[in-house]
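This document starts with one chain, in the form predicted on its own, laid out as C-alpha cells.
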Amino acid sequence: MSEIHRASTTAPVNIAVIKYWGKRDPKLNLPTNSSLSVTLSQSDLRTHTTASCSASYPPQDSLLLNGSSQDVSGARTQACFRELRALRKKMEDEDGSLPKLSSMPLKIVSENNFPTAAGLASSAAGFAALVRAIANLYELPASPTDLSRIARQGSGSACRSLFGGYVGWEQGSKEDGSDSVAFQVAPAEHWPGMRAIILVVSAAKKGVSSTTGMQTTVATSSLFPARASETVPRRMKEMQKAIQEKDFETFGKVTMMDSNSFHATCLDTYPPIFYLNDVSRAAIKTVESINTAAGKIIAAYTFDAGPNAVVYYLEENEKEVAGLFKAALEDKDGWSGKRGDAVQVNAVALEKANTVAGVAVGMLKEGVSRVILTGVGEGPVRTEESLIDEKGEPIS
C-alpha cells in the first residue's frame, strides 16, 4: 500500500466589527470594501481539519465535514486546491527528491465544534483550516498573508481566520486580486481582555445565503455605494486606531454603527433581506440598557448575515455585561465549564434592565437557544491530533 501523507490543523472563527458585504469580482471573491474582525478563541469555536493524500486513494478528491460527505467540485473549493497544488508542484519541479504529492488525490476530514451555516462564520474557519492543513501537508513555505490570498477564494472572510487577534482584510485594487489579502492589526496579546458572548438565536440554516444576499444588495441598494466608498474607509481608520489605543468606547460605538449600517443596506435591498429577527432586536435593546446603566459604552452588539447576536465587552466589565445575560438566561446551555462558571450573576443589573427593556429581556429568554462565551484568540495551530488514521480512513 502506498504511503499515507497527513497533516492537521485547527483554525478559528472570526467575527467582523467592520463588515465585508459585496463583491467587485464574485469569481475571485474580491470585496467592494475592506473589513476588520476579531479572531475568537479556538478553545470555544474552531474547525479541526486533517488533510491527507496518497497514490492509493480513489482518483477523486473528497471532503468529510462533521461526518457528512461534501461536494468539492465547486469553483471555490477547486480554486483553493488548484492554487495549493501549483505551489507544491513548483517545489517538486525545483527539487526532484520531493515526493509528488501534488499529483495525488486529497482526502480531507473536518469537524466543527459549533453549528454549521447558522451565522457563526463556519465557512471562514472551514476554508482557513482547509487551506492551512493542505499547506502543512505540502510543507509550503507560504506566510499567512500568502495563504490568505488563497483562502479568500474559498470564502472571503476565511482570509481573516489565518491570523489571530485583530485582523484586517484589504479590499485591494488589482484585477487579479493579488493585493486583496489579510493583515494583522494587532496580536491577541495586545488587547487580551476582549471578550464576547454569542447569543445563539437559531441554529437553522439561514434563508438567504451570504453570496446571494451580497449580489442582490450590490445590484439594488441605493445605500450601498456610499457605505462602500465613504463609510467603511473612514471606519477602518477609526477602528484600527481604537484597537491600537485599546479604546473600547470607540471600538464599541463603531462596531454597533457598522452592524446597523450593514443591515440597513440589506433592508434597502430589493426584495429586502431580513437577517435580524425580533430576538436579535431584543439583544440590541438589552445592550443599550446595559450601556445606559453604565453611563458609557461597555458592551457592543454586532450581527453577521444571521440573527445571532455577538456582544463584545472587556473582561473588567464581565459582571455588568455577561453577568446580566447569565441572570436572564441561566437556564440555557453554555454556562457550564470554566468560562461560564467564572461569570457572576448580576441580578441587580437584570432588575434595572427589566425596568428599561423588560419586553426585550423576556424576548431573549424565549428566543435564545444557547450561549457561547469566548474571547480574542490565536490563529491556526498545527496539531498532531489526526482525524485520519494511518490506513487513510476517517477516525470516528
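Since the structure is predicted, the reported quantities are computational estimates derived from the model, not experimental observations. Residues carry their position along the shown sequence, with the first being 1.
The form predicted together with a further copy of the same chain is left out here; the points below concern that form.
- From the list 102-110, 140-148, 188-196, 250-258, the contact stretch for a further copy of the same chain in the predicted bound form under a 4.5 Å heavy atom rule is 250-258.
- Checking 302, 265, 289, 153 for any heavy atom within 4.5 Å of a further copy of the same chain in the predicted bound form turns up a single hit: 265.
- Scanning 222, 215, 173, 244 against a further copy of the same chain in the predicted bound form with a 4.5 Å heavy atom cut-off leaves one residue, 222.
- Among heavy atoms of residue 272, some come within 4.5 Å of a further copy of the same chain in the predicted bound form.
- Heavy atoms of residue 314 never reach within 4.5 Å of a further copy of the same chain in the predicted bound form, leaving it off the interface.
- A residue is said to contact a partner when one of its heavy atoms sits within 4.5 Å of a partner heavy atom; residue 91 fails this definition for a further copy of the same chain in the predicted bound form, lying far away.
- Using a 4.5 angstroms threshold between heavy atoms, residue 79 stays clear of a further copy of the same chain in the predicted bound form.
- For a residue to qualify, one of its non-hydrogen atoms must sit within 4.5 Å of a further copy of the same chain in the predicted bound form; all three of 231, 234 and 278 qualify.
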